[in-house]
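First, one chain by itself in structure tokens, the form predicted alone.
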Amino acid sequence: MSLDFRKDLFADERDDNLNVVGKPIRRQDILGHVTGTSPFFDDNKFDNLLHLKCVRSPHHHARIVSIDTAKAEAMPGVVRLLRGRDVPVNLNTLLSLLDFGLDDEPVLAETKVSYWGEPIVAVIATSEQAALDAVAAVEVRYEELPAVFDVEEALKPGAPTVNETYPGNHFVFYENTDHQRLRFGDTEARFARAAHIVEGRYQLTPIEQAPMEPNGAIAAPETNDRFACYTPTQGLFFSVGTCAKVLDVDLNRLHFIGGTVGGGFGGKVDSVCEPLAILGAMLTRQPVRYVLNRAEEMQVSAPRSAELWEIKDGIAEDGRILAREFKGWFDAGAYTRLTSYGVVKCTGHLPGPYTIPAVKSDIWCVFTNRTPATAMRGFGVLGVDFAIERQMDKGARAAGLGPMEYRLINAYRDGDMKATRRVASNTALVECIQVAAEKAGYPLAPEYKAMTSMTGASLTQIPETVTDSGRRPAGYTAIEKTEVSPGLGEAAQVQPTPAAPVARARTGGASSLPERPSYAPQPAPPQAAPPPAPEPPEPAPAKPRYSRYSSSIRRR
């Protein structure tokens, strides 16, 4: 049984009579929050608690020439120092737990640092101040190296190698590909038919999650050679798996206690503090607390990655988007963390909530000498959505339509084929726009008010798709095809249904908006029939009117 919740099971409940949303339901944890009694990881108190702090790189990119810890080790209150050689498995990446990507990030740097603030030596002392004093006494000599902070520069030949695991400064995806590709339909042919070409360039900067509670962990020995870890992690099982791998111990030796998270927003999934806290407890047999201060939280806690986008749209005279091309670069910083996963998520989201019969996308996960990036509130989707919606505003202006009308024309309807080759269902963008227009007092013409996401699908099959080699692979259903492509044999020829004019006024118009055309395939003529007389050649398409908009805020 197919469970299409909104349309099949709850078809009679579309009046927004919801059971929880919009109603004063008491949160389960609200009393603890308002009375100050909610338990956080740092509320756990231990006798003989030790404190861990890290020596961090003052350079964005440098070779470590030497490390002298003699003065620090002799200081009062210092119990132990940890170096990269003390970490059982000193190279890791979070997504290795899912067999995705290569281990590329050291827990403690040994030969080279690749971002400002990268940890090199961990100091364990009887007080936080003693640990900080010892950190200042560690002497590290560096040979500074050229650094790169721009994704486009990082991919150029001769750029400094940020991450030795990925010498080309880009993540390597499955099947040894250097970026994520999406191919759907024939963008080149569609652009040739466009009345308007709109291009945009969009730069997004890193964003720190800035939780009130910084990243941290407290680890303590238990009986039977087990170790407890009190942590505010957002991914408890990710954290315990990461620590078991880095420390080379069985999972059953680790007892993770989560609980209230004092703000995370995606920034507490990387297990930054847990491995060193547990390792300190293992080596000292005492409880160890490792918590970032506010300066560390802002500088070395992983932010949302910076993104750079270039988008090109081909738009028909009636306002329908015929083709869209994406080029995207995610700035992973020095190491992978979760950025490569964000690229995969992003590719699955394209081209946004709009039906576009030809889509081409190329997205890179790029390494630079920035702080490693990670998740933040819908990462992989929100950045490109910002770029898409700015592009939609530009497209509306080029087509002479209002921003809401333009989106209503192009929004997914149920039954539309997505560029990811899945059929759109439970779509509701049309209705959302209509409600937003009503609430904002935006005057929609009757033909736009009459639109619905439940009918009017225009792209119901996979279009004939051009690959990078220029070939059209067999097995794809041709849509709007006017000639048999080489290599497809007796493929069915499909004649396009001409689109009727669309009302182009912002607030109305005399003509009514037609239903979106259906491109149902027509059978090819029987082989025995005589060949039809050749049709006169089609006139050359009019030269597109270029509306070039540029929105680029470059951050060096």
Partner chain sequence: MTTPVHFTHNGRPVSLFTEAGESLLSLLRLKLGDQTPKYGCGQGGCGACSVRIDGQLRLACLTLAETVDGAEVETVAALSAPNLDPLQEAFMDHFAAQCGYCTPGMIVAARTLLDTNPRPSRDEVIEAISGNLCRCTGYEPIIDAILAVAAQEVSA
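Positions refer to the first chain, counted from 1. These figures come from a predicted structure and were not determined experimentally.
There is another form of the same protein, the form predicted together with its partner chain; it is not shown, and what comes next is about it.
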Option touching its partner chain, based on a heavy atom within 4.5 Å in the model of the complex, out of Phe149, Tyr442, Phe265, Tyr142: Phe265
Considering its partner chain in the model of the complex, which of Glu208, Asp103, Glu188, Glu447 comes within 4.5 Å of it through any heavy atom? Glu208
Check, residue by residue, if Asp178, Arg183 and Val466 all come within 4.5 Å of its partner chain in the model of the complex, counting heavy atoms only. no
Does Val381 make contact with its partner chain in the model of the complex, using a 4.5 Å heavy atom cut-off? no
Is Val435 a contact residue for its partner chain in the model of the complex, using a 4.5 Å heavy atom cut-off? no
Arg294, heavy atom within 4.5 angstroms of its partner chain in the model of the complex: yes
Against its partner chain in the model of the complex, would Met212 count as a contact residue? Criterion: heavy atoms within 4.5 Å. yes
For its partner chain in the model of the complex, the stretch among 213-221, 383-391, 409-417, 302-310 with residues bearing a heavy atom within 4.5 Å is 213-221
Which residues, if any, of 391-423 lie within 4.5 Å of its partner chain in the model of the complex when only heavy atoms count? none
